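Before any questions on how it binds or moves, here is one chain, the form predicted on its own, in structure tokens.
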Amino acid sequence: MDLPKKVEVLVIGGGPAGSSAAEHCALGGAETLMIERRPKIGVPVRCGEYMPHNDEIRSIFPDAVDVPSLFDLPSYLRSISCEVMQILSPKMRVYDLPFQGWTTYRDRFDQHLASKAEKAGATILTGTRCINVKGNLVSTDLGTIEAKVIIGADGPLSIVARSLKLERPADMCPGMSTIARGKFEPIPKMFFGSIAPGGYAWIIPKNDGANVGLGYSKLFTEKNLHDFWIPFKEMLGHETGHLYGKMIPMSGPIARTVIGDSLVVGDAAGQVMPVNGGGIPIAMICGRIAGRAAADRIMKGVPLEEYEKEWRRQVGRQLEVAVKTKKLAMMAFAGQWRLEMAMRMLGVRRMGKAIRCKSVFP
């Protein structure tokens, strides 16, 4: 299809945040167009492909509304279920954390969410790149479109946020992932220490291999991703596929996510758990809020600032706690011995609280 000249709501970005926003905006009665720069939604995969169980999501975000319906996902998106997550210290001390989750196929996952948006009435245009936003005009490589409401769901290096002069997340961590072939123990593993300074490396098992990768903080090293990937791959001892990189916002939400009749959501808003980089559940929760707020703006004239209030009410408190935990962790990351001792002091119970965005003390 050709790019229309005008639309009521334009969603920029076809990930979980964008598709969730497009779906609920269309359900609210607003004319909705979602554009995605990639030719095919969800491809290539650039994340760890791990999802918490619904009970875990409710535990992490107790104020989130109607979690079961939002995360009512078909079984074909699930690879394996996991009851335990292993945390490995710099000295390879293993901590078994009870945590319910499942591994997914992120390409199928994103495509499913996009299909839900289409069924709700949204139009999707792939292979369309946003170049700039000025007022209610959005320039793309296919032309200019006028939108009454603009939703920027275009990732951590958001063009929408940059155009609106919104703050960018302060700590942008480089990360990369790929698929390793072979058999793996059905337990997700997270490796901390010099293997990925200020971040961690992971093995997330699937039926047909494992998603493997790592992310690190540039605050602790001047090396690049490949400097860390080579020894990690040697440790894995498995054949791996093509590496795909991304930036992961790890400093918590930006201070302001709405300007006029434009908003940002998901990675573009820094809505990522700073303690572990998990972003899919928050993206879907905040995407739904964004879509409903955009529809209310069009249909009822409700100020878009309601989006800001509502997402902070549903997930903001937990993200604030996680930011504080991350700051404490950064002091431990300064040295291998210090990190080892900090993990021993925390133990399984407190590490479990940390990954669930809860205060580790008292």
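Heads up: residue numbers just count along the shown sequence, starting at 1. Source: prediction; values computed, not measured.
The protein also exists as the form predicted together with a small molecule; that form is not presented, and the subsequent description refers to it.
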Task: Residue among 162, 238, 129, 108 with a heavy atom within 4.5 Å of the small molecule in the model of the complex - done: 129
Open item on the list: Using a 4.5 Å heavy atom cut-off, which residue among 187, 247, 88, 97 comes into contact with the small molecule in the model of the complex?
Closed with: 247
TODO: Given the small molecule in the model of the complex, answer whether the residues 291, 300 and 308 all have a heavy atom inside 4.5 Å of it.
DONE: no
Open item on the list: Based on heavy atom distances of 4.5 Å or less, which listed stretch (266-274, 227-235, 70-78, 252-260) is in contact with the small molecule in the model of the complex?
Closed with: 266-274
- [ ] Answer for residue 50 alone: is it within 4.5 Å of the small molecule in the model of the complex, judged on heavy atom distances?
- [x] yes
Open item on the list: in the model of the complex, is there a heavy atom of the small molecule that lies within 4.5 Å of any heavy atom of residue 37, even though the partner is absent here?
Closed with: yes
Task: Contact test in the model of the complex: residue 203 vs the small molecule, heavy atoms, 4.5 Å - done: no
- [ ] Could you confirm whether residue 279 comes within 4.5 Å of the small molecule in the model of the complex, counting heavy atoms only?
- [x] yes
